[in-house]
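Take a look at this single chain, the form predicted on its own, given in structure tokens.
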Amino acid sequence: MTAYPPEYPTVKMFINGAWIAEGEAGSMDVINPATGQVIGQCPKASPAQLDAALAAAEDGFARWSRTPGAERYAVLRRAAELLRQRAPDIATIVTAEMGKPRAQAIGEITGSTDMIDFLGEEAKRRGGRMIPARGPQMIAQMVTHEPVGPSVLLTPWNFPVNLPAKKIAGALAAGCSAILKPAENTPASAQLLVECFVDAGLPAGVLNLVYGDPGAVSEHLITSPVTRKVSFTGSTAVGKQLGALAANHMKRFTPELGGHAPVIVSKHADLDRAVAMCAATKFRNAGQVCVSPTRFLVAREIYDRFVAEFADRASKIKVGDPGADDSVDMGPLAHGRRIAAMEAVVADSGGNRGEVVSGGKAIVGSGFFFEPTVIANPAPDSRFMTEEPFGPIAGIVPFDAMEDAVRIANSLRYGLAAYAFSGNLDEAYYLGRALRAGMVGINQLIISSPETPFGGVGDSGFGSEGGEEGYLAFTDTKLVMLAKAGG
């Protein structure tokens, strides 16, 4: 079993069952965003090392795809249990690498274990189906779900355990091998997750871990004839580039991209509950969540009160280094570029283009901190209303007619998550149908669980992971029609 020291570990790649500390293409600094200090080095894979990972995945797929579903489940089940046991130590690394408060890091990890369990169970459940024959000559019409093949898994930094876990579990449960390329600023979190699968008994070559320059690594892995499936979570701009690359090589592609989630708050809503939930959820992970509630569209009758109470709650959020203080509510942004992005959004909200009623400034000192910010009535064409902020900024807009709120909510090409609060059943049903998004939450903001699909529409991507879809996303549908040999 692998030892788990509380200090930052030596970051290694994992190729064909071997841990490799040296990146033949060099290395890059890993920085604690709460302090701005270098805490480690991340190796960068060379083309030769990427080719070794591809060869390992090809060989691993040949063996793993023939492994019975019950055996695949057993490995995933052991990996989930190891992840549960190691959650406190891994949470320390998550906090150090991306600044997530410890309680949120623990929640991310334990949620990941449930996801692995559920998808592992799918390996035992997904046997396909029989279709009744149309004539006496036909013996059977069988539909099966076959593993698609070696898969490339590309994940970002904001959920450095959950997102890799979801993709790894879906691929392995379906019988695929995989190469994981996580974000280079959170490499150890992914490494400790992979160690759980290795220590659970996963055969060599079935799961590989590499790091490197995102563009070069992604292109090398996607264009390889070995790769049959690409799963990507990240920005819309990068997703479009990778999607075009995958399509050019006829590779299956599942993108989960950006979002700019609207929240419609009706005059029939439980206002106290809506304000409390919205303010708490908006600033989770410093707003660096693809499904973060961001554009708050509030009925004019309750608008002033909503703004005042929301801003009051935002101003009381405790911001600081979660590695030094467990009571912190919100940690830093991922890097200095995010500070500049937040400042640009706020700068475009002055004058008659919106009122900053809370926050609005970077926090002076070490690390990359920005105040929880609330903008009242941002202009329709402002950067905030048209671009995903991906940070601790909320905008609140009044509306008069529900149809106007829906029009504003659906006005962007994003369509990942949308939310609404209403105590009127007819109105709630209407909003659930009218909001254009892959996931809609009515009177609640938690829209992800192991049993449910996770994915968007429009510029937020297509396809889903999580739920049974998380298993099927790594399979090909196959029909076998069996007829009698003779009359």
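Predicted model, so just to flag it, every value in this text is computed and none were measured. When you see a residue number, it is the position in the sequence shown, counting from 1.
What comes next is about the form predicted in complex with a small molecule, which does not appear here.
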item	value
Proximity to the small molecule in the predicted bound form, single hit among C176, A183, V230, L297 (heavy atom within 4.5 Å)	A183
Proximity to the small molecule in the predicted bound form, single hit among R102, R284, R338, K267 (heavy atom within 4.5 Å)	R338
Partner-facing stretch of 403-411, 137-145, 319-327, 384-392, counted where any non-hydrogen atom is within 4.5 angstroms of the small molecule in the predicted bound form	384-392
Heavy atom distance at most 4.5 Å to the small molecule in the predicted bound form, all of G215, S235 and L257	yes
Partner contact for Q241 in the predicted bound form: the small molecule, 4.5 angstroms, heavy atom	yes
Close approach of S112 to the small molecule in the predicted bound form, 4.5 Å, heavy atom	no
Contact of P262 with the small molecule in the predicted bound form (heavy atom, 4.5 Å)	no
Interface membership of V307, the small molecule in the predicted bound form, 4.5 Å heavy atom rule	no
